[in-house]
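Okay, so here's just one chain, in structure tokens, the form predicted alone.
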Amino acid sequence: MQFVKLGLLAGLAVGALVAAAPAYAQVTLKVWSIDGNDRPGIADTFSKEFDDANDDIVVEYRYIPFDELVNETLRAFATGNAPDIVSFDNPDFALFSSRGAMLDITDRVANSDIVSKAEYFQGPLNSVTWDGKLFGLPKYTDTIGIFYNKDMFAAAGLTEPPTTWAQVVDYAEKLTDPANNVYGATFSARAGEEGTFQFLPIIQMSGGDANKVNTEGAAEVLDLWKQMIDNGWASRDVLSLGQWDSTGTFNAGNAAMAISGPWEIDRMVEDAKFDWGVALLPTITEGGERSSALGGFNWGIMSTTQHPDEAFRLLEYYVSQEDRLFPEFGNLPARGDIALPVTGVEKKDAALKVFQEQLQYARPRGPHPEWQKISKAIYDAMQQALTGQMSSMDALNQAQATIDTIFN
């Protein structure tokens, strides 16, 4: 379909203007994302701005719920009705890249005056890379650390946040106060992607990764998590709670520590009626290898687009606005060259610095086109160990057997 945008010049008759104005075909770009359902988001906001500023391109934006995005895009690609640009959760990106569904933009990025690979953290960049080529750009990113209640720490004689997982357990025992319905720690170990999101960094810290999960260190930390649950230092609800609800117990003063991410900062500033701080995710051994979960979404141009040049122009606009990600939308840019704003809220500014440091250690989930199967093997093992169905190592060995069939 062709459109023509015409401007009216003051003092000229409409008919004369239409006769004189050159008509040209406009390019229409379709953009799909999960933003803009209940409030303005990154994709819908930036897409509208680009549409308003460019007469030669019309941007048609479509909101799609998170749970439907992957399947809806797969169907659209198979039937020749795919959008020009789509943003996926980063572990889902490899599914499309490996199937030839995403446009290789390696050369376009290399020749861009706006986009620079060198500015991105390695983890987010790896999540849009397949077979050595770049098939997308990070949209935003997030990761996890450990929040702690400074008031409760002071009351228990603790002056610093824990630095190892063994220390987390030791602190959790000291901080648990059943009389006041306070648990020492909370986290999300549910049977789903959020559970994998919180446990995979443990596997990576122990020398493993998505293809190698049955490590001694991972089994050791699972045993520590089970110890906290069995002893009542963490609620059994961690087996079913997502990250938002789990952290809500911390905000309410019912847990002294919480594993969560920067998406919680604004809610914590509003809801937490106590002094709090955030620290880097604990390691398995003192001074041991660091890792952290890599969250966030990626942009990509579908390989079926009829307008790759115009679509890349739109991607460049998205990138040019990334200094607005946190101030306007509460999301962290996936680049180290963007200075996070100084909000003037001491706890908030301190937390942002910690999470930006943590991003240096964040590693992607995968990338692998069969990520969902790999993730299920990981969170099933976690649940089996924490509920006592199997020993931690037996559960991880079982998961490894499943994962071997996927990788091999």
Partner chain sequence: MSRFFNALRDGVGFDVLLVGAALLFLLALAGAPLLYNVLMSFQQVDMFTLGVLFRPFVGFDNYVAVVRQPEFWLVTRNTLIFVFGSMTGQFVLGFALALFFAQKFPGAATIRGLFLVSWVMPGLVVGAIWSWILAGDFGVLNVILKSLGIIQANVFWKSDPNFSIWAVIIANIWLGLAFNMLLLSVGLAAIPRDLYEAAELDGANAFQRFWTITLPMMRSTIGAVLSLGLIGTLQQFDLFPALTEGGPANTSNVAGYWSWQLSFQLYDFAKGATVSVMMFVLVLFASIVYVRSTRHEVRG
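Everything numeric in this text was worked out from a predicted model, so none of it was measured. Numbering follows the first chain given and starts at 1. Between two forms, the rigid core is the largest collection of C-alphas that superpose within 1.5 Å.
The same protein also exists as the form predicted together with its partner chain; that form is not shown, yet it is the one meant from here on.
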- Could you confirm whether residue 348 comes within 4.5 Å of its partner chain in the model of the complex, counting heavy atoms only? no
- Task: Answer with yes or no whether residue 133 is in contact with its partner chain in the model of the complex, where contact means some heavy atom within 4.5 Å.
- Result: no
- Query: Taking heavy atoms only, is residue 48 within 4.5 angstroms of its partner chain in the model of the complex?
  - Reply: no
- Answer yes if any heavy atom of residue 397 is within 4.5 Å of a heavy atom of its partner chain in the model of the complex; otherwise answer no. no
- Task: For the three residues 71, 101 and 380, verify that every one has a non-hydrogen atom within 4.5 Å of its partner chain in the model of the complex; reply yes or no.
- Result: yes
- Task: Spot the stretch among 40-48, 338-346, 372-380, 356-364 with residues whose non-hydrogen atoms come within 4.5 Å of its partner chain in the model of the complex.
- Result: 372-380
- Position in contact with its partner chain when the complex is considered in the model of the complex, options 279, 239, 166, 158, heavy atoms within 4.5 Å: 239
- its partner chain: the contacting residue among 171, 299, 183, 318 in the model of the complex [heavy atom, 4.5 Å]: 183
- Using the arrangement in the model of the complex, list in sequence order the residues of 381-408 with any heavy atom within 4.5 angstroms of its partner chain. 383, 384, 387, 389, 398, 402
- Message: Tell me whether residue 254 is among the residues that move between this form and the one not shown (Cα shift of 2 angstroms or more, core superposed).
- Response: no
- Message: Relative to the superposed rigid core, does residue 81 relocate between this form and the one not shown - that is, does its Cα move 2 Å or more?
- Response: yes
- Query: residue 304: with the rigid core matched between this form and the one not shown, does its Cα shift 2 Å or more?
  - Reply: yes
